[in-house]
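Have a look below at one chain only, the form predicted on its own, in structure tokens format.
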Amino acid sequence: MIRVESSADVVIVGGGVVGSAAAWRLAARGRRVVLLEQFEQGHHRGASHGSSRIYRQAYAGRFYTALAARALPLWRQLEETTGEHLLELTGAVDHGLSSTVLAKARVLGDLGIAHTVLDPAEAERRWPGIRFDSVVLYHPDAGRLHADRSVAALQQAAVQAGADVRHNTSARAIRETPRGVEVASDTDTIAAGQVVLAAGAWTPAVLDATTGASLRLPALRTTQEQPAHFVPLSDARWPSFVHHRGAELVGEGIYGLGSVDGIKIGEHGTGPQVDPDTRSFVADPDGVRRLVDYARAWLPGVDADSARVDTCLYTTTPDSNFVVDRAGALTVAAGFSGHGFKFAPVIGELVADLVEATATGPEPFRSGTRHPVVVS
């Protein structure tokens, strides 16, 4: 039986990395927050699970580079708040087509972010587990985040600040009212001033169940991606890395990083389009073969025959820019396009600003007319 007895300033729908970050930042500002997550804590059905995500600042445009730099002190603040070690700065390298790599170096230089451009021979002396082509960009303020621990820490920090975090609780319907919104969950109906929708691949379905919503999203495409972990042949320290298409690399670009599960590599956004409720969780054999072939050709520091494959979801906008926008009592944070995890704490701040009406969202993140920026 549904009971009507809860109230909050803000209800957040979706307990992945972005929804959890928004819960932390809003609760830290004194807002009464209820976070609804449809699955159990630590589930593997969405986009935020696993042992590793890249944290890097090197983008080809100033917008994302500056935003990533803003996220670093917030990750450190989260670690201090929770006592959890989440971000290890191993440094990161980019290589591949020289024009792509050097464009990133110019942006880092313009923003005063430390970096070095190396030739392939020098890079291979530093990181013998990787074979490099063309020029190599290294920036030290980069590395890897532990994904599962990061989401758990964000929720812990939110609870410490007073948030009510509810797992195994779905938002069934959202209705705008003269006083704000009513969110019908599995257990009750929550009256709130505002709602934040951060439901990842489930965002379109939840928005469809929202009565009176005036915010319209760009088309979101959900794909099942399949990174693989390989056993390293030594205990040498690995940087995070991005190998851009061009130069010697034929085909898709590759990202990679070390983790407690081995050396992780993956293609960016090449998986089949899926429904998040009915996807197979079965890896595509051709995709696995491409990753194994890549490891054999470019990663002499791993056992190329040791691939262990996982699957996760990307929810991507047409221009790969995120959606962080508000209309009325509804704020949406969606479409993080396979590169959003690193930004989560600063996205939480942007969401909190929108909810409190202290700032508007950045133009590239607005849901109406999109404003293309360089994303790579």
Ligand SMILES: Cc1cc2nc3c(=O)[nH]c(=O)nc-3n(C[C@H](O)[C@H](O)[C@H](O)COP(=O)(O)OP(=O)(O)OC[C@H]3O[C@@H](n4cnc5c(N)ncnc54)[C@H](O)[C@@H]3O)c2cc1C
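As the structure is a computational prediction, the values presented were derived from the model and not from experiment. Note that residue numbering follows the sequence shown and begins at 1.
The form predicted in complex with this ligand is left out here; the points below concern that form.
Participant: Quick one: is Tyr314 in contact with this ligand in the model of the complex, heavy atoms, 4.5 Å cut-off?
Facilitator: Tyr314 belongs to the contact set for this ligand.
Participant: Would you classify Pro227 as touching this ligand in the model of the complex, given a 4.5 Å non-hydrogen atom cut-off?
Facilitator: Pro227 belongs to the contact set for this ligand.
Participant: Pro345 versus this ligand, in the model of the complex: is there a non-hydrogen atom within 4.5 Å?
Facilitator: Answer no; every heavy atom of Pro345 is more than 4.5 Å from this ligand in the model of the complex.
Participant: Looking in the model of the complex, any heavy atom of Val206 within 4.5 Å of this ligand?
Facilitator: The answer is yes: Val206 has a heavy atom within 4.5 Å of this ligand.
Participant: Which listed residue (Ala68, Ile54, Leu330, Ala307) meets the criterion of a heavy atom within 4.5 Å of this ligand in the model of the complex?
Facilitator: Of Ala68, Ile54, Leu330, Ala307, the residue with a heavy atom within 4.5 Å of this ligand in the model of the complex is Ile54.
Participant: Just give me the single entry in Thr270, Thr169, Thr222, Thr81 that has a non-hydrogen atom within 4.5 angstroms of this ligand in the model of the complex.
Facilitator: If I apply the 4.5 Å criterion carefully, the residue I get is Thr169.
Participant: In terms of non-hydrogen atoms within 4.5 angstroms, which of the given stretches 230-238, 129-137, 196-204, 101-109 touches this ligand in the model of the complex?
Facilitator: Comparing against this ligand in the model of the complex, the contact stretch is 196-204.
Participant: For the stretch 16-38, which residues lie within 4.5 Å of this ligand in the model of the complex by non-hydrogen atom distance?
Facilitator: Stretch hits, in order: Gly16, Val17, Val18, Gly19, Leu36, Glu37, Gln38.
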